[in-house]
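One chain follows as structure tokens, the form predicted alone.
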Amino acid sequence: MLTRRHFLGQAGATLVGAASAAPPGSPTAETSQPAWVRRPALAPVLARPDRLIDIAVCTRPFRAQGPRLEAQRLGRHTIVHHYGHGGSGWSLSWGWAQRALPLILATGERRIAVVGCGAIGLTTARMAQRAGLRVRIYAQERPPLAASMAATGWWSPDSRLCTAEHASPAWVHGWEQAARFSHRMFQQLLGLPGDPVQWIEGYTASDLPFDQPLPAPPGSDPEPDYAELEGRLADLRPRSRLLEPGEHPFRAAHVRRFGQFVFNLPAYSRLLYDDFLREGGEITTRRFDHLRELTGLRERTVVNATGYGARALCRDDSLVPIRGQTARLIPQPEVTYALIYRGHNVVMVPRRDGLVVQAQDPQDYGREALHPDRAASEAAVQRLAALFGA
């Protein structure tokens, strides 16, 4: 089995689940249907570097043992550490916030502070408000400048979250409960104005059969063996389907279609932000350089949701940076499907603010450089264009 380190390469085999393909050479269910019930043609992606409008970089906060979730006493304050969610911050935010809530409520404080205004900070603040608490967020940046806004917005609840050696049965059970809770919360946001969350269809294209392992990219740095978890959530997504050559427009020998959750991050983060303020939340702009500074806050219960910033704040060397870069192409409302080019390290996600193109560099593990690499994004766009030909 392939490991999570080859996320973009293996997506056709593990991300989309088992396929239900028709026997080769036989008429498929779709091609045998009347024309009026067949799927409309897929609009091609205008994948050209001159259509790039933005490039963003973030640092995924990975911990081999999984996210840190524990309470620490510092003088008269209780610090609830809540960070280290790797590439699964948005996907697991509601479920992990639910797991953090008992630690927060156990302090007995009715006014709490949350440090950090990204995916984990905003969602934890909302969960605390739902429990009847007054919440103030302290953050140096807030959306749309928060680091987590550079994510693709792809439902990936096990992306670089934990190594296989630390995935005990108890830990896996807790992860599954959190993932399912998050999924239920996202389902309740479907259909809202701006489509903060939506279901879309996606296609995984591959030059090699899906059951054939891909070679490691040249020059790739060794990454740990990540826990393979998403198979436990197979019932939460539609079954994927292996397509025949005439059922898709892509220049690839093998193609699967699958269903996928996507977050339109500008609309989704604005929804969380506005709901937080509407229910009496307060936000203060402030920077913290050392954990002891949190004991100077008026709130005696403080949630540390600083993501990769916790490495410096807490002097936590267990946090490993994994660099991620996304780029946006000019929006194409007619493109309503996601696209993965297996083995070519590129994924495209259609969002309302543009077509998000992510390219995973084989040497991103352990890198925290935040300078955008335009050449890498242009190369990813050109690899995407190869799927459509001229």
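Predicted model, so just to flag it, every value in this text is computed and none were measured. In case it trips you up, residue 1 is the first one in the sequence shown, and so on.
Omitted here: the form predicted together with a small molecule. The next part is about that form.
Residues placing heavy atoms within 4.5 Å of the small molecule in the predicted complex fall in a single listed stretch, namely 136-144, out of 176-184, 195-203, 136-144, 267-275.
Although the partner is absent here, R342 sits far enough away that none of its heavy atoms falls within 4.5 Å of the small molecule in the predicted complex. Shown alone here, M348 lies farther than 4.5 Å from the small molecule in the predicted complex, counting heavy atoms only. Contact between R286 and the small molecule in the predicted complex is found at the 4.5 Å heavy atom cutoff. For C58, a non-hydrogen atom is located within 4.5 Å of the small molecule in the predicted complex, even though that partner is not displayed. Site residues G95, A97 and V302 are none of them in contact with the small molecule in the predicted complex, judged by any heavy atom within 4.5 Å. Contact annotation: of the candidates G324, G354, G66, P321, the single residue with a non-hydrogen atom within 4.5 angstroms of the small molecule in the predicted complex is G324. With the partner omitted from this view, the residue of V80, I112, V115, C162 that lies near the small molecule in the predicted complex is V115 [heavy atom within 4.5 Å].
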